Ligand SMILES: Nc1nc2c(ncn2[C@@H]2O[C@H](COP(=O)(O)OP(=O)(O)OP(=O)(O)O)[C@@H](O)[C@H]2O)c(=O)[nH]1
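Quick setup: one chain, the form predicted on its own, written in structure tokens, and binding and motion questions come after.
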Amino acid sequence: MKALTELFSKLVDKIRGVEYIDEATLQEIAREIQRTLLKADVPLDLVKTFTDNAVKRIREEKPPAGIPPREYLIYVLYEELVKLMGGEQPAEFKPTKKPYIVLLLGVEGSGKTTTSAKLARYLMKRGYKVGMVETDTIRPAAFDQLKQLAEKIGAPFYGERDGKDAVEIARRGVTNLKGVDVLIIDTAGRHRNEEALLQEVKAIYDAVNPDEVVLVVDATVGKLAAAQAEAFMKYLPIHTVIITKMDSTARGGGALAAVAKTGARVKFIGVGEDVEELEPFNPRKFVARLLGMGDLDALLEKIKAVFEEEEVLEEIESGRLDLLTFKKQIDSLMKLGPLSKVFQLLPGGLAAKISEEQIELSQKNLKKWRAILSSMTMEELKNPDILNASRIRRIALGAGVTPKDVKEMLTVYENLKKMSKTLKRQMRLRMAR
């Protein structure tokens, strides 16, 4: 994702550096767009169609009042990229019956087995009980790999280390893993030849009658992703595509565009190796981040998810803003990960105003305040008014900080308390969107 973002950020910077857009400038920008898309490994026919559409819109459409032509060009680029990546509406992954059987396909090296655990983890965090079945009889390590991943995330597992018949293993897996909401069946990615692999997944499909077929594609293959999707689609329907390794290549744009061209829907992207690093794919949000526009919605959704889990919003809205609530807020914020990653989700203009030194200082303050609050008694957390000089000295000693640090934190808390009504209104408005 980073490499892809760098490509498009350079393009946006170049457009923003243009004073006015005449025909010669427009042609130069069109060539720059083509070069960027080709570097991202977008198929040549899609590059031409994309550029023609964008140039035609710039020539024919009049920017709204107050919007400079170069800014409108970026907006057009954004709109056309959204279309290229699959359209405005994100495709939902939602189990509709029990058990909901999911069949995972993909060629060797696509990260399919790890992705099956990522998908299971994603669903488990949303309250589903997920079972996992390994049917790969070709790759010796596949059984152990998925078994270990299943144990790591706490999902029931079925596989046969020395099994030879993938179809029968799949059947027995469905029979043995009773009581689950979702059953994910992993398949082989390697065989004697492509035909043998495709015949096997078709036989498993016929045997277990899955509710959803998921194709896993490695982003590094770029535009060749279309060929993989089309090969599998000749044998069985593809309902969902997950593109892995989006964090490590600039060719991810090509993979996304190529898959969208086949009519298959990308529902998730893998953005790292950890089982938590699977994101629902939303073309609009993806393109906004790609162009350096940030993703305030993603940030707000993350905050909402953590705050709801901790029931902090309920406490703020009821007016119970004491130091215990403040402590929960800090805990929730720290769960979002390093602040440097959180700030990356802000629009480019806002993020640029926050220096690395400020981010580092904020991160240090959160850790310091967490230590201070952990040194307080429950009585002090619930009733900050009782904090006097001797209590502050004791708290500072327990937290390994100075009394001045404790007083500075209390000032921040008091300011937050005064602002709570405004914050409450803003948060409700944003989260209702």
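One rule holds for the numbers: they count along the sequence shown, beginning at 1. Since the structure is predicted, the reported quantities are computational estimates derived from the model, not experimental observations.
FYI, the form predicted together with the named molecule isn't displayed, but the following is about it.
Undergrad: Please determine whether His239 contacts the named molecule in the predicted complex, using a 4.5 Å cut-off between heavy atoms.
TA: Result no; His239 lies far from the named molecule in the predicted complex.
Undergrad: May I ask you to check whether Thr114 falls inside a 4.5 Å heavy atom distance of the named molecule in the predicted complex?
TA: Yes, Thr114 lies within 4.5 Å of the named molecule in the predicted complex.
Undergrad: Looking in the predicted complex, any heavy atom of Lys147 within 4.5 Å of the named molecule?
TA: No - in the predicted complex, heavy atoms of Lys147 and the named molecule never come within 4.5 Å of each other.
Undergrad: So, Ile204 and the named molecule: in the predicted complex, are they within 4.5 Å at any heavy atom pair?
TA: No, Ile204 is distant from the partner.
Undergrad: Which of Pro90, Gly109, Pro156, Pro99 has a heavy atom within 4.5 Å of the named molecule in the predicted complex?
TA: Answer to the contact question: Gly109.
Undergrad: With the named molecule left out of view, which of Glu168, Asp211, Asp247, Glu71 would have a heavy atom within 4.5 Å of it in the predicted complex?
TA: Of Glu168, Asp211, Asp247, Glu71, the residue with a heavy atom within 4.5 Å of the named molecule in the predicted complex is Asp247.
Undergrad: Using a 4.5 Å heavy atom cut-off, indicate which stretch of 239-247, 174-182, 323-331, 123-131 touches the named molecule in the predicted complex.
TA: Stretch 239-247 is the one.
Undergrad: If you apply a 4.5 angstroms heavy atom cut-off, which residues in 255-288 are near the named molecule in the predicted complex?
TA: Stretch hits, in order: Gly270, Val271, Gly272, Glu273.
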